[in-house]
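Here you get one chain, nothing else, as structure tokens; it is the form predicted alone.
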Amino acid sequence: MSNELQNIKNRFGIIGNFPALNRALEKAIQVAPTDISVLVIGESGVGKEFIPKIIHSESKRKHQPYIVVNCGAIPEGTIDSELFGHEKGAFTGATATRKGYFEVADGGTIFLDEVGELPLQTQVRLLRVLESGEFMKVGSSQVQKTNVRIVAATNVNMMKAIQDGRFREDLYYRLNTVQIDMPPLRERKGDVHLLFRKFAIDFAEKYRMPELELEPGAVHYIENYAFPGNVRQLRNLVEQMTVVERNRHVTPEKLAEYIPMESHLPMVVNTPGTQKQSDFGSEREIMYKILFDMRNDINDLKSLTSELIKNRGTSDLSNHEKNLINRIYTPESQQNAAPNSLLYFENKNNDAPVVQNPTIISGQDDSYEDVEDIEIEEHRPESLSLQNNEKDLIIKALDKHKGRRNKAADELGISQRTLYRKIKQYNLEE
């Protein structure tokens, strides 16, 4: 098997001696003479496309068609027609009868790449092909037979997709008669330098430039990089450096400019729900920060108001200043706010959001922190009289402006939202 394995590597240009890679290739060679379905599992960029090529080339179907279908690249509305064909007039634009891939590849092999992206309706049709070799063209009632060997590949977590109802369990087990796992590049540290040298030779010949060489420190650097894009990322890196860099001796510092060790990208694995959870976490952190900043602002406002009371008392304050003090410090003024809320904001812009109840962060009521209790108690009697005066001021403002609430709110120095709430609170509605 070792000689056969080495011959396969030479034929397909596969570099590496990592045990998991050798096992994957050996398994492909073993199942090739049979007609059983194979499912190749691995992250994006690991080279899953080599497995179906090896299987087809080592099978009795090697002289028959070999067709590659990228299931994720075909629109959902046309994938049935692409795979199974269609009759003339089956849908708008079907001006002639067309053969599908399963009809064209009869006797050969079809490689279904990104099979996890297939629509559920297409999965039902594919299951029938796997079970009986039968299919029908779109728009036809005639059953046709095909003798096709299917090799599929995916980077999707298939069990999670089955749980989420996005992939049929029966189809999964039909495809997964034999599973071949391709290891990610980060696990093949001993192969990274070999691959770099192979790509460096290839691109030096392609672009007619001197070959890149890694210094010892650069070899250590590149072997310890995670390569989230796997072999594809390494290949693109070597090609880019071959064209751009004038110095053919690559240092660790130069590599760090292209692939910074501290800024790894997430692994390219299509796990359902991961992106949504990540976005939710980021939005929640931003919301928490905004609420914390708001609480700090209101505490600063309380401290400033407390200083005003100390230095000036309340007799010299304007009606607007008294209103602010009453709204911040008087417990009665909080009766329309959310229970145990830390703050309640009003804005003249009626479309602006009202932020309430950020106690989900602190878990306690800090409504009166940073303000000396003795001073609050000292001015509470006046706050009660301010509440009575507030009602009179609202009545006068409404009378002055003949009931026009927007004008009255401007006169009082408050928003229309606050004025409406006060009118309801004091039963001033006409």
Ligand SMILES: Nc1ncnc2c1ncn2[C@@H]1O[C@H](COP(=O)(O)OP(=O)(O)OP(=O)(O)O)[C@@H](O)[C@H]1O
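Everything quoted here is computed from the prediction, not taken from an experiment. The first residue of the sequence shown is number 1, and the count goes up from there.
FYI, the form predicted together with this ligand isn't displayed, but the following is about it.
Colleague: Mind telling me which stretch in 77-85, 102-110, 224-232, 172-180 gets its heavy atoms within 4.5 Å of this ligand in the model of the complex?
Modeller: Only one stretch qualifies here: 224-232.
Colleague: Could you tell me if all three of I15, S44 and N155 have a heavy atom no more than 4.5 Å from this ligand in the model of the complex?
Modeller: The answer is yes; I15, S44 and N155 each reach this ligand.
Colleague: I need to confirm a contact call. Of A218, L195, A161, A90, which residue comes within 4.5 Å of this ligand in the model of the complex, counting heavy atoms only?
Modeller: Going through each option in turn, the one that passes is L195.
Colleague: Should F50 be classed as touching this ligand in the model of the complex when contacts are defined as heavy atoms within 4.5 Å?
Modeller: Because a heavy atom of F50 falls inside 4.5 Å of this ligand in the model of the complex, the answer is yes.
Colleague: State yes or no: in the model of the complex, is some non-hydrogen atom of F199 no more than 4.5 angstroms from a non-hydrogen atom of this ligand?
Modeller: Yes, F199 is a contact residue.
Colleague: With the cut-off set at 4.5 Å between non-hydrogen atoms, does R188 touch this ligand in the model of the complex?
Modeller: Although this ligand is absent here, R188 would touch it in the model of the complex, with heavy atoms inside 4.5 Å.
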